[in-house]
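Single chain ahead, written as structure tokens, the form predicted alone.
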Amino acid sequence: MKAQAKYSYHVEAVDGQERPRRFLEAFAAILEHSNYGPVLEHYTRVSAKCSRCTASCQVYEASGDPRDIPCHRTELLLKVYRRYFTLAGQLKARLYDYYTLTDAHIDEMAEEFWRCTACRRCKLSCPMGIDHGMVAHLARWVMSEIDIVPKALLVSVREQLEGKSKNTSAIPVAAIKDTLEFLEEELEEVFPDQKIKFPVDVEGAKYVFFPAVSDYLMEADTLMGNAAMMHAIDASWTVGTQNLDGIDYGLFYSDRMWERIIKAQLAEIKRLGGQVMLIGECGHASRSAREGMQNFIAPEDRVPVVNIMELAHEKFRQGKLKLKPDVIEERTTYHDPCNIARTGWIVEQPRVLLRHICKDFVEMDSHGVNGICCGGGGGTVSIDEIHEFRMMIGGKTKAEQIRKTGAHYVVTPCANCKKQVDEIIKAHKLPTNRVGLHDLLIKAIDFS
């Protein structure tokens, strides 16, 4: 949506400094062509910098570094907004020596806004309701427009939008088809009477399936569980070969990229004549599709977005998905991906299934809407340069949570969370195995 007001700034305030000028031009364009302006206007008036958000921030809890206080980090962008996009700020600059945007300030933002996992847990404790995760996203978007963006995200998005593979991992379609054929053979060995298939390019199928493409590389058990569940409920579904990646990294750093990706995914659904966008076990893919459909697609062109865990839960409740009780004997816990749990969207659905199939299901101390981020949220898991930070600061609290449960399995239904949790299990030497929900469901499905 377009903002109601126009925005302007004084170029002379940054004369001779190329990056600050470009930053302000990008900021002005985003404000003019989006609805972030009224939100920032409100935040500049209510921001108290009380630091109550520190009680909810696992990064600050682990680092103790003042730059990791969410409201202090948010102030980095609000300061720029006040100076260049409010009348009061422009008047102050004319009357006396007031703040001027510099290269050093941009460097500070580039460092600090990528220390945030954008989990949005701090919003729950902010007395003013400020969404610091949203501000981090906006700051990253502005910086990305002047080419300040982590290389891993840039390369992945470029491949997804412009590369031959049309997916973030650059996996050729032929290789994905081979993988699916191999998985069908594996399923036939386990369930010789069922003929479980991965339908490909089936026109008119109700569900068009978009898992995180990394599942094709590293999550064979999850994919087989997905296919077995879809077979058990006799679903009409397909994988499209022209666009099959549920990942949308625009969610992490650029609405412009977010919009382009969701439109490309929707085009694949329309090509196949599908009715529902079915997302695999991935929190950020689910949120980017659901919110992207609402934010960037005209109402008449939208299709429903459903996470595969929601579908499994719905069919279980209806009696169409039959699951044997207490099949999983080992202690099991569940990690809530922030992108699907923070708003209360997907919290109880997977737990209903796990409590049924697991003899010993336990919760972490903080879970559900108030759950702790894996430590690699907001796209930070893709940045190998900050691996040590992700392990010993971002992921420290989650590692302690998992250890405290004493669980043999930690169910982790998100591609980014899976990578991060795998790495913190190794880094913190946790006696735990990370699995997807469907890795366990496949052991409990009753095909009779």
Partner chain sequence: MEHWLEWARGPLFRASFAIMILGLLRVLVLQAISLFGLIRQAKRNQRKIPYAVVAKASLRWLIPVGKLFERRAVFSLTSVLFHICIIVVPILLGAHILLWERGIGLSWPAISMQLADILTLGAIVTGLALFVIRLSVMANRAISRAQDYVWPLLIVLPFLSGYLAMHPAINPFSYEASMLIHVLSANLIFLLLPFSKLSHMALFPATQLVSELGWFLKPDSAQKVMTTLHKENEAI
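Residue numbers count along the first chain shown, from 1. From a predicted model like this one, the values you see are computed outputs, not experimental measurements.
Below: the form predicted together with the partner chain, not depicted.
Peer 1: Does the trio 166, 419 and 426 actually contact the partner chain in the predicted bound form, every residue with a heavy atom within 4.5 Å?
Peer 2: So, no: the whole triplet misses the partner chain.
Peer 1: Applying a 4.5 Å heavy atom distance criterion, does residue 42 contact the partner chain in the predicted bound form?
Peer 2: Taking the distances in the predicted bound form, the answer for residue 42 is yes, it comes within 4.5 Å of the partner chain.
Peer 1: Should residue 206 be counted as a contact of the partner chain in the predicted bound form, where contact means heavy atoms within 4.5 Å?
Peer 2: The answer is no: residue 206 has no heavy atom within 4.5 Å of the partner chain.
Peer 1: Taking the shortest heavy atom distance, is residue 296 within 4.5 Å of the partner chain in the predicted bound form?
Peer 2: Heavy-atom contact with the partner chain at 4.5 Å: present for residue 296.
Peer 1: Residue 409: heavy atom within 4.5 Å of the partner chain in the predicted bound form?
Peer 2: So residue 409 does not count as contacting the partner chain.
Peer 1: Only one of 354-362, 99-107, 186-194, 124-132 gets a heavy atom within 4.5 Å of the partner chain in the predicted bound form; which is it?
Peer 2: Comparing against the partner chain in the predicted bound form, the contact stretch is 124-132.
Peer 1: Looking at 237, 84, 334, 258 here, can you tell me which has any non-hydrogen atom within 4.5 angstroms of the partner chain in the predicted bound form?
Peer 2: Only one option qualifies, and that one is 258.
Peer 1: I need to confirm a contact call. Of 145, 310, 268, 221, which residue comes within 4.5 Å of the partner chain in the predicted bound form, counting heavy atoms only?
Peer 2: If I apply the 4.5 Å criterion carefully, the residue I get is 145.
Peer 1: What residues in 212-236 sit within 4.5 Å of the partner chain in the predicted bound form, counting heavy atoms only?
Peer 2: Contacts from 212-236: none.
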